[in-house]
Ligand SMILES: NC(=O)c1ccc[n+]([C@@H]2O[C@H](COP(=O)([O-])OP(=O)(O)OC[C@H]3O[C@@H](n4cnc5c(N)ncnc54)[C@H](OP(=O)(O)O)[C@@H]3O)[C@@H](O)[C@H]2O)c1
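The chain below stands alone and is given in structure tokens; this is the form predicted on its own.
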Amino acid sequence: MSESQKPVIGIIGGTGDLGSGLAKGWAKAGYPVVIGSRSREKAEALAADLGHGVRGDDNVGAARAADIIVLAVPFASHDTTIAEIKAEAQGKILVDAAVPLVPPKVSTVQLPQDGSAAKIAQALLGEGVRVVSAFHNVGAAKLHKGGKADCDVLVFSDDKEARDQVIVLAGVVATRGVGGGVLANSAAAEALTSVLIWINRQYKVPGAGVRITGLDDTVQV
């Protein structure tokens, strides 16, 4: 891939609300997108509906085709999905958007014993994969309406280059990407999702988000 080419984005769990919303936003901006699902037929059907050149495949096929893999699956299937695509993820960036929600108390913070979904992903995938954590607090509704999510996206990774690439992708589908430091810090954003769910319910809003103040709004950081 040359510097002038946009990376191919493979979205695992791409038929879900967040995954398909991200697919729509990136594809409209000219990124090649492949959505993955356990069912190739389901992914292909949704890809046709999304348009903008989005393709559908099974999870392994989407991971194989991607330069950057986005994992947008429920936490209950997080580890098994990682095992499924582990071989295809080697040498690539994997963006983990999973949130460790534990039904029925999804508005209560319940982080895993290992600290965060992102830390679990890095341990399972090994050093050959650069794990980045992002998109936990992005409401999918506005993405599906064709606009950007009205929030900042906190982006975490132990690899600065990978983190910077995902900050750029975040700025395509949301107000701005903001670096949040190392992968361990992802626990804060993962936990915050439960807080935002509580706020949504309490104040009857469709998608509360996060904005980081004190930064130049024109600059991604």
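Model, not experiment: these values are computed from the prediction. A residue's number is simply how far along the shown sequence it sits, counting from 1.
Here the subject shifts to the form predicted in complex with this ligand, a form of this protein not shown in this document.
Among heavy atoms of L124, none comes within 4.5 Å of this ligand in the predicted bound form. Heavy atoms of A118 never reach within 4.5 Å of this ligand in the predicted bound form, leaving it off the interface. Using a 4.5 angstroms threshold between heavy atoms, I9 stays clear of this ligand in the predicted bound form. Looking at Q165, you'd find every heavy atom of it more than 4.5 angstroms from this ligand in the predicted bound form. Only one of 86-94, 131-139, 103-111, 145-153 places residue heavy atoms within 4.5 angstroms of this ligand in the predicted bound form, namely 131-139. Contact annotation for 12-37: residues with any non-hydrogen atom within 4.5 angstroms of this ligand in the predicted bound form are G13, T15, G16, D17, L18, G19, S37, listed in sequence order.
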